[in-house]
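Here we start with a single chain on its own, the form predicted on its own, put down as structure tokens.
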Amino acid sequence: MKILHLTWEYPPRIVGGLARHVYYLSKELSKLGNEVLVITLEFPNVVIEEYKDNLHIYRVKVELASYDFLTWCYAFNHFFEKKIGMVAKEVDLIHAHDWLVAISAISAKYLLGKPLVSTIHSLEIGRVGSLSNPLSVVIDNIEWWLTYESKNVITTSEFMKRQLIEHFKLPGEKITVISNGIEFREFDYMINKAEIRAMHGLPIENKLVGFIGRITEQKGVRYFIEAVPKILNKYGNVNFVVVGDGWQIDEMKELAKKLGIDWAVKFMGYLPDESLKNILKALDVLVIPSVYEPFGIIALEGMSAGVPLVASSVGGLDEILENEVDGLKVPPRNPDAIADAVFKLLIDESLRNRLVENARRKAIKFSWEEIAKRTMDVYEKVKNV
């Protein structure tokens, strides 16, 4: 089968889990003997076209100025459409990832006369909590339009399936739940924790607790920061890291100063993949305090890296983790609960070891090979309808 994937982010452009999802899925689909074309955005100092093992990557330049986010999306979809017309005339199927590529995906459906499948990784109503501004209303409309035009909608958790049914009134039979995955072997190596910490100017002798992700309201970073003084009151020899970037980063730095704990929290910003994995493996506890999380790839990464997790019991996280078995779950927006769970892990080595062992066994089951096979089942189904 010849398959076209459309995605605004693809490594090395990594904003969230979507980039990793399309990267690993496209690789595994090509290994199954398919010819896979990925059209995505350009990235500085990266080649415009790549071809390896039946996998074609086309990175598209946006050659129009844009004065806001939505105009930029409309502009890059125009250039995606041009690239589709140049390189993807004979594909069997189009697979769109999230609303940002909806316009070019729907155009391709009618231009090529081929079925459209979409993966909805999250919804605007969940990311922002309400549709109270004009931009959110537009995004919500485009998300609905993409699901309406798709023959099948894939999403990554039962939570997201329920949200699609409730919010867009999609028929359940049009939705297929296929989880995200993890390349477990990428985390199967040893590090020198002291060396990694020293490299980043972190105390070697203290415990290290971290957050990794986008610094946005959706990810609940403020509740992690608010838990820090409570943890320090119970367990003094501990430092904290916040890894990632996002529109709330300055606000979170100010919050740390206001709470008088900025000396204990290091904001590390964006890290390339290798450095990020090393920091993850150097943690003693990973906190995932999301208030909205359709799946939560970072949970699988922490499980694979051998780091005990404290995670909000929301969305996909609630489905991935079993409390007290392979992680500790806490109510969302609850710094006290986060602090109690982190303290529990810091003082109880046997609990940490048990959770890590169970989590690693579970993570192995989320293989991209199996996810690619299940995605192929969807492709065959829509092709034959």
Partner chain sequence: MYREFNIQEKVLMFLNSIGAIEPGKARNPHELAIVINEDVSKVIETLENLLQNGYVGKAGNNYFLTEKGIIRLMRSFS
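On a predicted model such as this, the values are computed, not experimentally measured, just so you know. Numbering follows the first chain given and starts at 1.
Although it is not shown, the form predicted in complex with its partner chain is what the next lines describe.
Put simply, of Ile196, Leu255, Leu232, Ile249 only one has a heavy atom within 4.5 Å of its partner chain in the predicted complex, and it is Ile249.
For the candidate set Glu217, Asp92, Glu158, Asp262, a heavy atom within 4.5 Å of its partner chain in the predicted complex is found for exactly one residue, namely Glu217. Its partner chain in the predicted complex is approached by Leu64, whose closest heavy atom lies within 4.5 angstroms of it. Heavy atoms of Glu42 reach within 4.5 Å of its partner chain in the predicted complex, making it an interface residue.
Interface membership of Leu18, defined by any non-hydrogen atom within 4.5 Å of its partner chain in the predicted complex, is confirmed. Although the partner is absent here, Glu186 is not a contact residue: none of its heavy atoms lies within 4.5 angstroms of its partner chain in the predicted complex. Annotated contact segment (heavy atom within 4.5 Å of its partner chain in the predicted complex): 126-134, selected among 307-315, 126-134, 144-152, 187-195. For a residue to qualify, one of its non-hydrogen atoms must sit within 4.5 Å of its partner chain in the predicted complex; all three of Trp72, Trp99 and Ile139 qualify. Contact annotation for 288-326: a single residue, Val291, has a non-hydrogen atom within 4.5 angstroms of its partner chain in the predicted complex.
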